[in-house]
Structures are given as structure tokens and as C-alpha cells.
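We begin with a single chain expressed as C-alpha cells, specifically the form predicted alone.
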Amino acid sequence: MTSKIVDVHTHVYPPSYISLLRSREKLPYIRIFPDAPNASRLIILPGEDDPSKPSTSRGRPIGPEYWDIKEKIYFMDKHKIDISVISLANPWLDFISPEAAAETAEKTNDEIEELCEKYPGRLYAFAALPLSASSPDIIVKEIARLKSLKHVRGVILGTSGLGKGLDDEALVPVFEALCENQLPIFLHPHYGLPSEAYGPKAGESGHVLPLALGFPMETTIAVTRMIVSGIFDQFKDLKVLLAHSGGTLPFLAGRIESCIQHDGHLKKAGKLEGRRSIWEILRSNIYLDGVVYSEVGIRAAIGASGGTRVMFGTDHPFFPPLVGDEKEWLSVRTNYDAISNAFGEAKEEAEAVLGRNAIQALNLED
């Protein structure tokens, strides 16, 4: 490959954020448990803080790869990644008190900007927003400030928005500000599905059910709510990059569209007139990352949004090798192989997904 390789889905918890998690006594937090004294564990997902669980099944081990930017660069070099667009991992700033939201967001984004400045040309960022602030005006103010940070190329957002989802009318000024400042959203799941959905034996499957099924369905539901409510009709310039190839959206897009077209309630409410189809939205407002781990998934993503709107990602530092001496991460190799197998001899199209699409969409060349 001659083009640059760009990782659009790669996370960092900057040192101040790590300190915040270590200081907390409830979810999310970092803790060393008495029956597992050799490693700190990151507890961020709903249900992980269940005291009935043994400590080794709570959260995941956390080391410097989560906060030391040198570890990020080492990982990039090992896997031949030229540029990474780093972002704060879930749960972002959703849990911050309203009083501290603005200050925490500004401090976090400035710190991430400083990390990018240490490695010119190699790191860019999706900024975090103070979504728990007492007023959307505070969020809008931070969005405007982000234009002064030269490495910021968008914002990372969870599916809960201000707490009521992304179809919440209170988000209108936020979407307006993002469009005005030409900042795309990197939409990432965190809250999953209700634990009851996984059944009484869910604990025996580790993190498989919430991560493999809960996360993709969370994303699919969130975006479908945006489509049904007309968010993308109201904000035709809103750009959204969906984590994990949009969950199940590429596969279910046709069914979602058919259900909308045949819904009597929506027709009676006048919501079917003048709307854009899900297919038009997928090819004009939506981008998909390539964190789907299969040739079939990559082909579905390309079929839904087009070959110029799919971008390579790794989800580093999550999904590390289970064996410590592995030189290459299986999770990364699987994504590389998926892209290679999906395109075969069409090398230029593969290069676009590996880097060129992100460079053009996110303006990554100074």
C-alpha cells in the first residue's frame, strides 16, 4: 500500500481523566480489588460494578496503553498506522456534574490537543462535549471554542445525548452549532441494552453479549430514532461517523425504510411527506468505520454508504491480545484482512478505506 493508513477509531484516556476515575467511588471508576491485587481494573459498563461478581470479571485490566500517548505511537508504528484520530473513550463526560461540565470539557480537550501537538502530522482528535451541563448554551460555547484547537476534527458523542437520546429537541442548538462549525460527530455506544435482554446466564459469557450485540443494537436504535424524527431532514449538513460500521444499520436499512413507508401513524402525522430515504441519508450524512472484523461486514458497510464513506479503525486500546507476547494484535489484523478480502484486486478502493477517505473527509493533511 502506498497511501497513508488512518485509524479513525482509537481511544485515549488522558492523565487527568485517569486521575478522575481513580478518585471516584462509583461507576465509572478505576479500582484495585482485594482478591485481584496485581492490576487496576477499569469499570465503565453498566452492570460491571455488581458486587456479587468476582473482581476478575469486573471491567478490564488497565495499563499505560490507556493514557500514555507514547504507547499509542508505539502501537501505530507496530501496525503501520500513519495517522490516528484519537478520542476520549466511553463514558466520555456523561457522568460529570452539571457544575463541573464546562471546565472539565475544556480541560480535557486542551489536554488532548497537547497530546496531538507532541507528534505533528500523526495525531488528530475528536473532542468531548460537556453534555451534562445545565444548558445547551454551554455545549454550544465549547463547540465554538474547538475551532481554536488546530487538531480537532469533530466531536465524539454517546447515544444518550443530553439524557433522552439523539432525537431530543433540546439538542437542536447543538446540531446547529456542529453544522455551522463543520464538525462531524463520531457516534459511539456505551449503554447497550437492558441486562435482562441477555438472560440469567449472561455473566457466564463475560463481555461477549453486551459488546457483540448490545453495542451494535444501541447504535442502530439511536440512529434510527434520528432518522424517524427527521433530524437529518432538518440538518442536511450534519455529518455522523458511526462506530462499529453502524451496528446492524447496513443490514437492516431496507427493513427500517419499509417500516417507515408503511407506518400509518407517521403518515397521519404528515411525517412521510418530503422526507429523505434512509439510503439517501446513508450516502450523504453517514460515514461508517471499518471496525466490523469481517469481509462480509465491510461489504455491507460499503453497500450501504459507499466505498468513499467507510474508514479503517482499530478500537485501540480495547481488545488487546490475551497472550502477552503476541507481536501483532489479532483485532487489528482481522480488520486489515477484512478490507483486503473484501476488495481483492481492487487495491485503490482498499487504500481509500484504509486512509484516503478519512484524510479527505476529516481534512487530515495540513
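On a predicted model such as this, the values are computed, not experimentally measured, just so you know. All residue numbers are counted from 1 along the displayed sequence.
The same protein also has a form predicted together with another copy of the chain, omitted here; what follows describes it.
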(Q) Since only the chain is shown here, I'm wondering whether T224 would be in contact with another copy of the chain in the predicted complex (any heavy atom pair within 4.5 Å). (A) yes
Q.
Can you tell me whether A300 touches another copy of the chain? I mean in the predicted complex, with a 4.5 angstroms heavy atom cut-off.
A. yes
Q.
in the predicted complex, is there a heavy atom of another copy of the chain that lies within 4.5 Å of any heavy atom of A144, even though the partner is absent here?
A. no
Q.
in the predicted complex, is there a heavy atom of another copy of the chain that lies within 4.5 Å of any heavy atom of G264, even though the partner is absent here?
A. yes
Q. Is another copy of the chain in the predicted complex near all of L211, P216 and S331, within 4.5 Å of a heavy atom of each?
A. yes
Q: Could you spot which one of I69, A304, I62, I43 gets a heavy atom to within 4.5 Å of another copy of the chain in the predicted complex?
A: A304
(Q) Can you work out which of L162, V296, V172, C179 has a heavy atom no more than 4.5 Å from another copy of the chain in the predicted complex? (A) V296
Q. With the partner removed from view, which of 337-345, 316-324, 23-31, 43-51 is the stretch that lies within 4.5 Å of another copy of the chain in the predicted complex, judged by heavy atom distances?
A. 316-324
**Q.** Partner contacts in the predicted complex for 185-208 (non-hydrogen atom within 4.5 angstroms of another copy of the chain)
**A.** L193, P194, E196, A197, Y198, G199, P200, K201, G203, E204, S205, G206, H207, V208
